[in-house]
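Only one chain is included here, represented as structure tokens and corresponding to the form predicted alone.
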């Protein structure tokens, strides 16, 4: 593959949901897209978009380093890193297992840190941007999701620390905090379609804007933060959640 002259964005967890929407939106905005996921990726991106998918488990530090080296060999640069890959679990505190802890923190927190560490050298060269995906639940949790909330809270703290450390190198770090987004994440914890549809209908009435979110809502925020329009923005936590946090 010839090296792309355009700016390059890496999106983790890009096979579906928010990650896929971010990849499609950044591609439409002119970025060359590097999509990382453990699952196969089927593309639906704007015509003319330069893109390439890499299979990568972000919990595997050696695999992450190999993948980032391959990206730099193929594209020559990294301008934006979107740390989107994440997993969701529900369990009462007393029934939280070590396997749950390892999985949720491993993907959400350790994966984000591992990807960032591997990309930071290239991001300093490009004076690029990091966008981490957290959750509005970090500010307004409900029962049985303490582990997930802890992971997302860690991501927000990490984002603030990155903003302070990397600002002298010209690298920005911000986080987007989605509310309930219509994706298949709830299927990963065993809920069926009927239950999910009922929950979406219920929660839609609780949001001041009258609906739950769509992946494109988050992708739009990510695209703005990744762009030069947000050049003086770092260390920010952006809630994109239909007004629930103030209702």
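Numbering follows the first chain given and starts at 1. Given the structure is predicted, the values throughout are model-derived calculations rather than measurements.
The next section is about a form of this same protein that is not shown, the form predicted in complex with a small molecule.
Using a 4.5 Å cut-off to the small molecule in the model of the complex, not one of 93, 104 and 144 places a heavy atom inside that distance. When you look in the model of the complex, the only residue of 216, 38, 52, 66 with a non-hydrogen atom within 4.5 Å of the small molecule is 38. Between the small molecule and the residues 196, 209, 61, 185, the one pair within 4.5 Å by heavy atoms in the model of the complex involves 185. Residues placing heavy atoms within 4.5 Å of the small molecule in the model of the complex fall in a single listed stretch, namely 81-89, out of 81-89, 160-168, 122-130, 67-75. Taking the partner from the other structure, the small molecule in the model of the complex has no heavy atom within 4.5 Å of any heavy atom of residue 172. The shortest heavy atom separation between residue 18 and the small molecule in the model of the complex is within 4.5 Å. Within this chain, residue 221 is remote from the site of the small molecule in the model of the complex, having no heavy atom within 4.5 Å. Although the partner is absent here, residue 56 sits close enough that one of its heavy atoms falls within 4.5 Å of the small molecule in the model of the complex.
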